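Below you will find one chain, with nothing else, as structure tokens; this is the form predicted alone, and questions on how it binds or moves follow later.
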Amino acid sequence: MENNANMFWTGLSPDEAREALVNKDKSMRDKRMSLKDAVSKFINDGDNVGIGGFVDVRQPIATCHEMIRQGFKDLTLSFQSAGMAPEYLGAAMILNPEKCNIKRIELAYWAHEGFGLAPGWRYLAERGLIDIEDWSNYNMSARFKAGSMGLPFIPTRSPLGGDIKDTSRTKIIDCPFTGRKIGVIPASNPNVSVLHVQAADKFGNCIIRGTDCTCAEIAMASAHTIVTCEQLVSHELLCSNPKDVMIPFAAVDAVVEVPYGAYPGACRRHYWFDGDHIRNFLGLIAPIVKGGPTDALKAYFDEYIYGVENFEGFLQKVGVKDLLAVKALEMQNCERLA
């Protein structure tokens, strides 16, 4: 953290973020690489990691699995609302804090909506194992927006309507134009962001279908961005309708094609949630919160994460039947929404 005029920054300070952007290679080059290589190259101990998606929609699960296999220390996680991505990372910390360690989270919400609360967060928070900075979805979006615009802060009235101003780095100032009180909140500039999208080309141009979840702002606010995608398509096809491009290539550093890369969460137009898998996983953590044994959770990690080489191995363990079932559910929902 960098101290500056009574303000501390997690991830990059605004000046560091601008310097990183100026020095970044913005050429249109082939950025395809393995997920193992991308995580090894761009995620370092002590980093602020921005997480894309929303609750359990388009969560970068494949990337989180790889992070767990490689290990991480003293991370700050920054996100709006997230579910299974931080849940996997938090559960890895519960099992082995020497190998996988989260220092801090900056967030609006960590839970699973219809699938329940987050036992991983509850375990870590109740024991005082992580620092927590409480924001809201709007405020986290605004923070990423400021970071993507190269601004050190952004003005917003939102913190004035509740106690967010008392639980965060919000500053209250007199508006120089109206004289009224207004909140200013610090930019978020992660060292690296991890995102999952529907389609990308080899240069890093990305298409997102459905809720965009501030993913473009997260990518452009970060020094580096790792993108996993359901489909890797040609540049000509992806850019045939330029308005579809949500994230531009210059913001992306690594592109990895990982079908089902958000499973057991959902990915619009590809597959629905696997509610059984999510509930079963949360059920492995819940007893630990109350002092129960970690054996069942450890067995899950040994089989599904540590026991495989990559995310494809995890999917093979899950089985084709379950994957086809969540794809069929998504097709039913698409038809109803059409």
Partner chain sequence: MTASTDYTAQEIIVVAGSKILEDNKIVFVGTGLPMVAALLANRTHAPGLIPVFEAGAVGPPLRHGLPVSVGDSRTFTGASYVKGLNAAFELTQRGFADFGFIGGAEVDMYGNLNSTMMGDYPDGYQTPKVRLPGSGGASDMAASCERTILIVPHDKKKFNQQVSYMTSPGHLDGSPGARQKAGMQGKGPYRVITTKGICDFEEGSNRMRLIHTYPGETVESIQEATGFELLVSPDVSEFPAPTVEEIRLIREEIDPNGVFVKRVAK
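Residue numbers count along the first chain shown, from 1. These figures come from a predicted structure and were not determined experimentally.
Although not depicted, the form predicted together with the partner chain is the subject of the following passage.
Asker: Report whether the minimum heavy atom distance between residue 99 and the partner chain in the predicted bound form is within 4.5 Å.
Answerer: No, residue 99 is distant from the partner.
Asker: May I ask you to check whether residue 150 falls inside a 4.5 Å heavy atom distance of the partner chain in the predicted bound form?
Answerer: Residue-level check for residue 150: yes, a contact with the partner chain.
Asker: Might residue 113 be said to contact the partner chain in the predicted bound form, defining contact as any heavy atom within 4.5 Å?
Answerer: Although the partner chain is absent here, residue 113 would touch it in the predicted bound form, with heavy atoms inside 4.5 Å.
Asker: Answer with yes or no whether residue 156 is in contact with the partner chain in the predicted bound form, where contact means some heavy atom within 4.5 Å.
Answerer: Looking in the predicted bound form, residue contacts with the partner chain include residue 156, since a heavy atom lies within 4.5 Å.
Asker: Pick the stretch from 90-98, 74-82, 254-262, 226-234 whose residues have a heavy atom within 4.5 Å of the partner chain in the predicted bound form.
Answerer: Only one stretch passes the 4.5 Å heavy-atom test: 74-82.
Asker: Since the partner is left out here, which residues of 151-174 would have a heavy atom within 4.5 Å of the partner chain in the predicted bound form?
Answerer: 151, 156, 157, 158, 160, 161, 162, 163, 164, 166, 167 sit within 4.5 Å of the partner.
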